[in-house]
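Heads up, the chain below is alone and in the form predicted alone; it's given as structure tokens.
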Amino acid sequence: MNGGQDLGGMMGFGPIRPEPGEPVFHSEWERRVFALTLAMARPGGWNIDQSRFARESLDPGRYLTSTYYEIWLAGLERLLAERGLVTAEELTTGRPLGAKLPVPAILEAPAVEPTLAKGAPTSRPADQPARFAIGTPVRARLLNPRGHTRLPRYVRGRPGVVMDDHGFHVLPDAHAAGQGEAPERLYTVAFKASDLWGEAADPTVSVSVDAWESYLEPRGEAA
């Protein structure tokens, strides 16, 4: 979707300043928020793309003035509230106020490490031939979706070249909307910086984006 999270290539936000030796978590509450978001996906029944959409659909003003894990916390609260697992009053008071709700499954402490180590691969068997071969000139479609997408706004409508074919993977757009996995072929597409940001861009720079097949069209088609 078009929101505060999609900042790639936008001017006016200042330079990125990496923190030397930056820790994974700056405080204990960040560690707890990360753990809760992952653990609650099992009883809550949401997937990774629904979790991402909950964060990126925050009001842009709130998104842009929040820290990374404040955004995660806000997304978690939204996911819990949408599923009736927590009330606004409980979030305000910080304590449960009603009877425990039944949930389909719980991630017990001993299962956390093996579950995270196992992961959840998104690759799926390919059942259709590739529409685009490696080296094919393509154009990212000019989309303005209301839901989740992994196609950055700054490449939409821009020309690129297919650099790799990763086979079939779960389509985030459908997955986040609760429409099933709808797997599609996933490509890596390279875009020249000058095609993204104009003649002032460094001519030696290119940007690679992983793009699902439905995000792309042949270069000759209208954007």
Partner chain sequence: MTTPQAAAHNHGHDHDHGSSLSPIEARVRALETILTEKGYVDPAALDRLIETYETRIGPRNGARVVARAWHDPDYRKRLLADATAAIAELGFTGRQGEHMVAVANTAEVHNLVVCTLCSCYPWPVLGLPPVWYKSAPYRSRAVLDPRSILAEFGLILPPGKAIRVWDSTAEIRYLVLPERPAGTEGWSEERLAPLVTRDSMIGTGLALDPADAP
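Just so we're on the same page, rigid core means the largest C-alpha set that superposes within 1.5 Å between forms. All figures in this text were calculated on a predicted structure; none of them were measured in a lab. Residue numbers count along the first chain shown, from 1.
The same protein also exists as the form predicted in complex with its partner chain; that form is not shown, yet it is the one meant from here on.
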For this session: Scan A120, A130, I134, L143 and let me know which has any heavy atom within 4.5 Å of its partner chain in the predicted bound form.
Result: A120
Problem set entry | Partner contact for R158 in the predicted bound form: its partner chain, 4.5 angstroms, heavy atom | no
For this session: Mark Q179 yes when one of its heavy atoms lies within 4.5 Å of a heavy atom of its partner chain in the predicted bound form, and no otherwise.
Result: no
Problem set entry | Distance check, S57 to its partner chain in the predicted bound form, heavy atom within 4.5 Å | no
For this session: Would you please decide whether A174 lies within 4.5 angstroms of its partner chain in the predicted bound form, comparing each non-hydrogen atom pair?
Result: no
Exercise. For 7 to 46: residues with a non-hydrogen atom within 4.5 angstroms of its partner chain in the predicted bound form?
Worked result: L7, G8, G9, M10, M11, F13, G14, P15, I16, R17, P18, E19, E22, V24, F25, H26, W29, R31, R32, V33, F34, A35, L36, L38, A39, M40, P43
Exercise. Superposing on the rigid core, does the Cα of H166 end up 2 Å or more away between this form and the one not shown?
Worked result: no
Exercise. Once everything's superposed on the core, is H26 shifted 2 Å or more at the Cα between this form and the one not shown?
Worked result: yes
Problem set entry | Core-aligned C-alpha movement of G12 between this form and the one not shown, 2 Å or more | yes
